[in-house]
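Presented as C-alpha cells, the chain that follows is alone, the form predicted on its own.
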C-alpha cells in the first residue's frame, strides 16, 4: 500500500512459512550427516561442494523443501528451520543440550502452550528455541545469561528467528540477582556451574501454587549439592535421571547355515521333488547354498555416552 505502514513477514521458528524470503534463516540440506544454516540475503551466494547457490535466483521466492540445483550440477534441499534442525546446526558458543535431553526436559517440566518458563544460562540457545516453540503462542521464556556477549548474540538470533516477542533475555548473574521475575513461572531450568546457589531464586520465580524445576549438571557432585539445596528450600519429588541414547544401524548380513544333516535325506523325508519347478526355491534349496541373508540391527561402534544428569523437583505448596 503506497504511503501506508506495512511489515514484511519473515520466517519464524514457531510458525511455518511456505516461501523463502529475504532475511530468512534456512537450512541447506546436503544429506543427513551434512547440512548447515544460511541467512538468505539478496545478492549473496553460498558455496557448497556441489557448487554455488545464488540467493536471489535460487532461494528467494522458492518454496521451502525445494530441490535447488547448484552451479556444478549437484543439488541440495532448502528446509524451513525448526528447533531440532537448529540444535544440529547452530554456531556453538558453549556446550549445548541435544534433542535426547531436551525432549525429556520439556515433558518432565510439564510444559505446554501458555507456560511461563525461566532459564539460566542461555548459552548457545539450543534449549531456548525448543522451549519457545513449546510455550508459543501465548507463553513466555525468561532466559538469563551471565556472559554479556552471549546474551547480546542470543537477542540477535531470537530477533532474526522471529521469536523475540516470546522471550526476554537478561544479562546478569542468576545466583546473585535471580531471574528478574517473581511468582509467575510454571517451570525453571538451570544449566549453570553451581545450581545450588540459584535454588532460592528459582523458588521465588515459581508461582505460589507450585511448579517444576530441572537442573542439568555433568558431575554427580553437583547433583548431590543441588539435591540438598532443593530439600532445604522445601522442594519435593526430587529425582535424578541420566538419559543415554543407543543408535542401531540396520543392515543386511549373511550367515552360514549350520549342517544339520544330509540335504538328500531331508529332501526325501519332506517329499521334495527336484523335477518339480515349483519347489526349486524351497527352503531346502536355500540350505544347499550354505548361507542366508537377513536384516539385522547392529549398535554403532561409537555412541554418545554420558551428557549430564537431569534433576527434577516440584515446589511444595506448604
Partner chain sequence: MEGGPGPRIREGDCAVLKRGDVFKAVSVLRRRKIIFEKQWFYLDNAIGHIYGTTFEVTNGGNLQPKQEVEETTTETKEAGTDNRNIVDDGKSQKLTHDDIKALKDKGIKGQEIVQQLIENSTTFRDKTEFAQDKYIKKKKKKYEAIITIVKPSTRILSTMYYAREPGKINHLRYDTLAQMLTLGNIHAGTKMIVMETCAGLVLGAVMERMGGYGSIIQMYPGGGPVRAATSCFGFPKAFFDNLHEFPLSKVQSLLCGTFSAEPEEIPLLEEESNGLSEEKQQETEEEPAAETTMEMNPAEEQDTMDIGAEEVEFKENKEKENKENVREKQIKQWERRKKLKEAAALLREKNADGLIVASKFHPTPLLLSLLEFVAPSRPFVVYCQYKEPLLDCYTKLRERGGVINLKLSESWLRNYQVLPDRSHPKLTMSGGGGYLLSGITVILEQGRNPEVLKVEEPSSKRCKLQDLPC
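Numbering follows the first chain given and starts at 1. These figures come from a predicted structure and were not determined experimentally.
A second form of this protein, the form predicted together with the partner chain, is not displayed here; the remarks below concern that form.
With the partner omitted here, the residue from 71, 168, 204, 82 that has a non-hydrogen atom within 4.5 angstroms of the partner chain in the predicted complex is 82. Although the partner is absent from this view, residue 164 stays clear of the partner chain in the predicted complex, with no non-hydrogen atom inside 4.5 angstroms. By the criterion of a heavy atom within 4.5 Å, residue 113 is counted among the residues contacting the partner chain in the predicted complex. With a 4.5 Å cutoff on heavy atoms, residue 134 counts as touching the partner chain in the predicted complex. For residue 90, no non-hydrogen atom is located within 4.5 Å of the partner chain in the predicted complex, even though that partner is not displayed. Interface residues of 84-107, taken as those with a heavy atom within 4.5 Å of the partner chain in the predicted complex (partner not displayed): 84, 85, 99, 100, 103, 104, 106, 107, in sequence order.
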